[in-house]
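In the block that follows, a single chain appears as structure tokens, in the form predicted on its own.
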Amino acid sequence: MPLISDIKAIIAGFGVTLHHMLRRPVTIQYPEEKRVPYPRFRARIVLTRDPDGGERCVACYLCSAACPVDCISMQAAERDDGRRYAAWFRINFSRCIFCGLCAEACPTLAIQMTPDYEICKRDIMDLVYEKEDLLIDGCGKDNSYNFYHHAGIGVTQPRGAGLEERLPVDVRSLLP
């Protein structure tokens, strides 16, 4: 009876095909109708700010290291108070695959993904975004997180002044 089971399988396959052929197509007229993405949809990358209004990016290069297509580049700099920041930050969206690994690697929540999926340009050089293009005014998804309030040592208070911290040891005092 293998012939009967083969015929049943073919009829079942044609039934699935016929079922899909008779359904109404789901067509969205794109320029006039915009598709609303899901809440966790990952598209354009933005740089966010602290609740205090300062830049969150500390130029740790973790996003650049995590990027599989190497589309993120930056240069680190340091302020007078010891805080690091990105002197320049650049993302090449013509290479970006929107995987979100950079946002997951960021310890300060500076890089976040938005659902903005319309970033098509005619000139490929217009897809290279600088820090000024990426930096937004808001905090993004977490309005209360401030990296420098959690980082602690030597940034918001002198070394050894924190709770359960000892003063630094002078290594010259350890010499024989």
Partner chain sequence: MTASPLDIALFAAKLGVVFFVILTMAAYLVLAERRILAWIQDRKGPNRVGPFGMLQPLADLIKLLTKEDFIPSAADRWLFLLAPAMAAIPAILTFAVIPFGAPITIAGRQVPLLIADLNVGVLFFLALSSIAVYGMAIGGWASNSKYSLLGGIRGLAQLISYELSMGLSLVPVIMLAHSFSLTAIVDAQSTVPFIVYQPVAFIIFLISITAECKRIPFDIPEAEGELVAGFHTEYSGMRFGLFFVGEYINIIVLGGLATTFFLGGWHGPFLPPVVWFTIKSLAVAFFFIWMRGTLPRLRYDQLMHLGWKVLTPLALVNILATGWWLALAAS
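On a predicted model such as this, the values are computed, not experimentally measured, just so you know. Numbering follows the first chain given and starts at 1.
We do not show the form predicted together with the partner chain, though everything after this point is about it.
For the options Asp137, Glu118, Asp70, Glu33, the residue carrying a heavy atom within 4.5 angstroms of the partner chain in the predicted complex is Glu33.
Within 4.5 Å of any heavy atom of the partner chain in the predicted complex lies no heavy atom of Pro168. In the predicted complex, the partner chain stays beyond 4.5 Å of every heavy atom belonging to Ser144. Of the residues in 6-22, those that come within 4.5 Å of the partner chain in the predicted complex through at least one heavy atom are, in sequence order, Ile10, Gly13, Phe14, Thr17, Leu18, His20, Met21.
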